[in-house]
Every structure is written in structure tokens, then in C-alpha cells.
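Given next are two forms of a protein chain, the same chain in both, each as C-alpha cells and marked structure 1 or structure 2.
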Structure 1
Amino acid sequence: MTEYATLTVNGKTIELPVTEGKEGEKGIDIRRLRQETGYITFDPGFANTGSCKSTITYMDGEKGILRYRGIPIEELAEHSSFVETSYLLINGELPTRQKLNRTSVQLNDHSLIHEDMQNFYQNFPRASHPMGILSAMINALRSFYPELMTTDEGYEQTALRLLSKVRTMATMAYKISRGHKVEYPRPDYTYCANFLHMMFNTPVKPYIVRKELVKALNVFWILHADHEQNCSTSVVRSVGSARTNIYASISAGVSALWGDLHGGANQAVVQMLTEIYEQGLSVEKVVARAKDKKDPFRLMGFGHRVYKTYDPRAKILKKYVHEVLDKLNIDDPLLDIALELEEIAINDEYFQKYNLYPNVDFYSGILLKAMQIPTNMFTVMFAIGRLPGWIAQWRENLIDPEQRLVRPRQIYTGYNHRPYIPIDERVKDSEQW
């Protein structure tokens, strides 16, 4: 039996159907609202607006739950690999051993990029940010691989191509920015091991891939693989709603992720730690400033827009951060500050009262620094991890019969009707522009 919500506007009452998800979350279907009342909803940031029905990721910010295709993130981080988790997100089910091996082989087969693409890289200014380069190069892939995905097999091949080549393109951007020789992937390495090899191997100093770092990188990318309808994922879906090709849609997602309020948060954590160290600030004073409502200073890496309890991803990543620091015996003053900050903040009543727990960005910034990933590559690392989620969300949006071209409404607050004034009659010396 259908449940309805009753809305009365200017004496007129209408019934709007209630839709319910598999985990009990409810939404009011307002698709008839404007047609029957002339009203629209006003929801800046869309915090109370559901834009789609999805089978990919479930999260509960109040309870600290995150699941991919029904499987808890804790189990995937413990037992899975990034390649297997990517398969799960993109295809809906965990692969058999045969399918997983086949996927790994295909990722290796697709790992090289067209040699002509190196010309693009060489012509970017040396100071170009890797995220700008990555966004541009993903969009350029459409020119090198123009075939359309008209079948499930075509979709699978495009997904594999993206997962493999984006990893190669990211490391290539880093190498070229340093003026170093580009490293090619090795067929005997796993996905994550190959990334570390392509990032850090040089002809004069071979890079030894450590299993601790490979495991930590797998976990890092698994934890970032999808996160429901966040800013960049919503952008991928919005661009894709125009029936834009997957390369352009994901390129737009990379650009959205680049923002400081989204994917750039882990980089902001390290920048904050650097300022604390260089200015010789005590951690106690930094925490006191963060608690002072009159002080504009904000403690980066604490609290979350959705989670009102401990971010489940942060709990997992914290474990691996401490393991990596212990096993690598790293001596870094920024990491020491971070650990001291963590200890004080998690035991402070103010932080507990306002649910300002360390989030995944806090620990990911520490982990990436411990792995010697350059700060300007932090958001690129996030983008590689989020790629399987973007692919799955783009595909789901494409085949969903309820989806339409994204076209939000607005509440207009500008001038009312006014006449055009000839240029010689306008007020002179206007300060505008």
C-alpha cells in the first residue's frame, strides 16, 4: 500500500507519494509539486534532496555505516583488494577467482597509453597542478578511443581502460613534472605495486616495493572508491545525464574533486601541519584556537558533512597509518604533530560534543606523506581511488529509466522588468568592473 505525505499550499492540499529504500530511509516524491502548486523546493547544497535511486553504496552518517553493494567497508578493507572492490562496484557482484585473474590481466594489457599523448604532457607548463593535467588527459582519451559503448562488453572494456590508464597517466604527470624518465608498468606487479613502481623507480635508484605499502595503498583506495552522492559523483551523474561520454563526465568529476572543500581536504591537513611546525606553535594552542568561535582558524581533518559519529573509513585508515609508521620507522616532525593532535582532540570534551572526530582526510594525509607521495599528488590519489565509483554511478544513471537531463530550478532575486538604456544616457564613471 502506497504511503503519502500531505502538503497544503494556499489552501490547496495535494498528496505526494513516499518512496522507501532498502534500509528504511524515506523520501517524498515531489515530481508533481510544481505542476500542481506552482511551487518548487529550495534546498541549497541539496542536503535534503535525493537525486536518484541507487544500488551501489549505502551510508548512514548517524550510525557510521558504509557499504559497497551491501558489503561493509570494514570487511572489504580487511579481505579485498582495490581491483576486486572495483569489480564489485562496477559489476554489482564479487568476482570469481577466474574473473578476478582475467580482470588483472586485462588491466595490465591496457596499462600503456598512446605514445602521442606524451606530447600533451610535455607541453603543459612545469608548474601545472597534476589534477588539472589529469582532468584534461582523461577528456583527451575520447579522441584516442572514440568507439562508443553500445554493449556490456564495450562498457567493461572502457571501464578497464580507464582504471588502468588513469593510474599510468597520474604517474606520468608526476614524472614529467620532475623532469624524470617515464616509467612503464611491469606485467608481474599488482595494480597497487605497479603504481608505486611507476611513481618512484628511477634508472639510478631502483625502487623496492614493500608489501606494507602495497596493502596500505589497497586499503586507501578501497576506502575512497565510492561515497554515495557526494559533490564529484553528483557532477559525474549530472554531466552524464546529457548523454555525455564517460571520459568527459569523469573529467568533470576530477575537476570537482580538485576543490578544497572536497578532495583537497587531505592536502589541507598536511599544509596545516606544516604551518604548525614552521611557526613553532604548540598543539595545545592550536586546539584552543579551534575551539574559539571568534577565531576564524579551523582544524583541518576533523568532522564531516555527513558523519555525525566516527567516520568508519577513518577508523580503518588509522590502524594502517600506525602500522606503516611503525614498520617504516619514519622520523618526521609533521607526523609527530599529527599524532599529538589526534591524541588531544579525540579526548577533548568539546570535540566529542560536536562530533569533531578525525576524518578520513586527516589520516589519509598522514599516510600519503609517510609513503612519500608529494603533497600536490594527494588529490590525484583520491581521484584514482574514486574512479570505480564514478564509473559505476555514470553507468547506473545512464540505464535508469527514471533519470532525466539534470536541470535544477532557482528562486530569482534579481531586478524586475526594466528598460534598456542607450549607452550615451547611462551614468558615467561607473565603479562596476
Structure 2
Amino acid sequence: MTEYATLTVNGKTIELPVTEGKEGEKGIDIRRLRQETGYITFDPGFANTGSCKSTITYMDGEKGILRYRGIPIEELAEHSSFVETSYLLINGELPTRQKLNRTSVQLNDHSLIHEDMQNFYQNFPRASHPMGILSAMINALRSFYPELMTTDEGYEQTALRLLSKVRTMATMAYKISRGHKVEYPRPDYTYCANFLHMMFNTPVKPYIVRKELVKALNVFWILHADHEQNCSTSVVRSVGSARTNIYASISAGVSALWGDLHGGANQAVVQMLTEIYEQGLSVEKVVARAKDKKDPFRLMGFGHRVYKTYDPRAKILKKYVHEVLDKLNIDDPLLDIALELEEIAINDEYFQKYNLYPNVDFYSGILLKAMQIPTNMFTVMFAIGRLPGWIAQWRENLIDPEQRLVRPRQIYTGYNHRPYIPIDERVKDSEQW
């Protein structure tokens, strides 16, 4: 039986149907609201707004649950690879061995990028942030590979092309920023091993790919692969809702991810920890600063719009950071500072009151640092990991018959109607100030 929510506005009562998801979460369907009452809803940041129905990712922010296509993140991190998890997100099911092998072959086939694209890279100023370069270059893919997904076959090809080429493009940006020769992918390496090879191999110093780092990179990317309607994914869906091509939509998602409050937090965390270490700051004082409402400083890597408990991804990363550092014999003082910060913050009344716990970005930077990834590439690492999620969400939005062009309303608070004043009759600057 359909459940209804009753709403009375301006003396008129209407019944709004309640829609329920597979895990019991409920939403009031307000699609008839404006038409029947003349009112709209007001929800800055859309914290109470469900923008779509989705079969891709489930998360419970109160219980700290995250599942891709029903499978818990903990199981995927333990047993899966990034390529297999990408297949799961994009196609809805885990692949058979045969399909997984075929996917690996196709990823290899798509791993080169058009040589002309290198000219673009050469012309960016050396100090450019790699996220800006990545966003621009993903958009440029539309010109180099104009054939787009219009059929299921086209979808698979475009998805694989994006997954493979974006990885190559990211390593190219790094090599060129250092003035080094671009390294080509190797057909005998897996997806993650190839990334490390293209990043760090040089003609004079062959890079030995360590299996511990390959596993850690797989886990890092699996944990970032999707997170339902987060800021960048909502951007990808919004841009896609205008029937914009997938490259441009994902390029916009990369830009959204760049921000410090979103994916840029992993870089901001390591910068914060480095500052504490290099300047010998007291961890207590840093926590006190984060609590001071007059100070805009926030404890980076803490807090989340949806998780009101420990982010399950941060839990897994914390474990991996310890394991990888142990195996590689790395003694990173930033890890000790992070552990101390966490200990003080989670036992602090302020952090408890606001339910602020470590999020995925809190420990991820230390893991990336152990892989020798430079700090300004951290958010690029996040972006490569988030690709399968963006691809799956873009497609789901496109084929969902309930979806329309994204076009929110507003509550106007500016001037009421007023006349245009000819320039000579306007108040002079000297009189104005």
C-alpha cells in the first residue's frame, strides 16, 4: 500500500506519495508540489534532497556502510582488483574470468593516447596544477575520439577508453611537469602496475614494480570508485542531463573534485600534517584552532556530509597504511601526527557533538606518499579511482526515464522592480562613498 505524507500550505492540504528504496530509506516525492501549491522546497547543498533513484552504490552514514552493487566495500578491498570493481560498477555484475580477461586485453588496447595530444601537454605552464590539466585533457578526448556511446557496445568501448586513457594521461602530465620523457604502457603489466611503471620508470633508472604497492594502489582505487550522489558525481549527472557528451561531463566532475572540501582534501591533509611536523606545532593547538568558530581553519580529512560515524574507507586505509609502511620499512612522522590528531579529535566534545570522524582523505595521502606520488597528484589519484563511478552514474542518468534536465529553482532575495537610471543621473562615486 502506498504511504503518503500530508502537507498543508496556505490553507491547502495535499497528499504526497512516499517512495521507498530497497534498504528501507524513504523519500517524499514532491514532483507535484509546485504545480499544486505554488511553493518550492528550499534545501541549500541538497542535504535533504534525493535527486535520483540509483542501483549503483548504497551507503548508510549512521552505520558506516558502503556497498557497490550490493557488495560490501570491505570484501571488495580484500578480494577484488580495481579493474574487476570497475567492471562491477559499470556493468552491474562481477565479471566471469573470461570477461575479466577480455576487459584487461581491451584496457591494454586503449592505453595509448593520440600522439598529437602531447602537444597540448607541452604548452601548459610548468607550474599548472595537474587537476586543471586533467580536466582540460579529458574534455579534449571528445575531439580525438568523436565516436560516442549510443549503443551498448559503444558504451563499453567509451568506458574502457576512458578508464585506460585517463590513467595514461595522468602519468603524462606528471612526466611532462618534471621535464621527463613520457613513458609508454607495457602490455605485460596489469592496470595498477602499469600506472606505477608509467609514473616512475626512467631510461636511466628502471623502476621495479613492488607487489605490495600494486595491492595498495588497487585498494586505494577500489575505495574511491564510487560514493553515490557526492558533489562531483552530482556534477557529472547534472552536466549529462543536458545531453552533454560523457567526456565533457566527466571533465566537469574532475573540476568539482578538485575543491578542498571534496577530493582536494587529500592534498590538504598532507599539507596540514607537514606543516605541523615542519613547524613543530602542537597537535592540541591545531585541534583547538579547528574548533574556534572565528577561525576559518578546519581539520582537513575530518567530517563528512553523509557519514556521522567512522568512514568505512578510512578504517580500511588506516590498516593498509600501517601494513605498507611496515613492509617497505618506512618510518613516516606524518603517520604519528595523524594518529595523535585522530586520538585527540575523536575524544573531544566538539568533534563528538558534530559527529566528525576521519574521512577517506585522512589516511589516503600517507599511503600515496609511501608510493612516492607527489602531493599535487593526490587528487588526480582520487579522480582516476572515481572514474568507474562517474561512468556508471552518467549512463544511469541518461537511460533513466524519470530524469529530466537538471534545473533547480531559487528563492529570489534581490531588488524588486526598479527603473533603469541614465548614466548622467546616477549618484557620483564621490557622493556614494
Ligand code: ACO
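On a predicted model such as this, the values are computed, not experimentally measured, just so you know. Definition used throughout: the rigid core is the maximal C-alpha set that superposes within 1.5 Å between two forms. Along the sequence of structure 1, residues get numbers from 1 upward.
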Q: May I ask which of the two structures is the form predicted on its own?
A: 1
**Q.** Shift of residue 119 between structure 1 and structure 2 at or above 2 Å (CA, core fit)
**A.** no
Q. After fitting the rigid core, is the C-alpha of residue 346 off by 2 Å or more between structure 1 and structure 2?
A. yes
(Q) With a threshold of 2 Å on the C-alpha, tell me if residue 257 counts as moved between structure 1 and structure 2 once the core is superposed. (A) no
Q. If the rigid core is lined up, how many Å does the C-alpha atom of residue 294 shift between structure 1 and structure 2?
A. 5.8
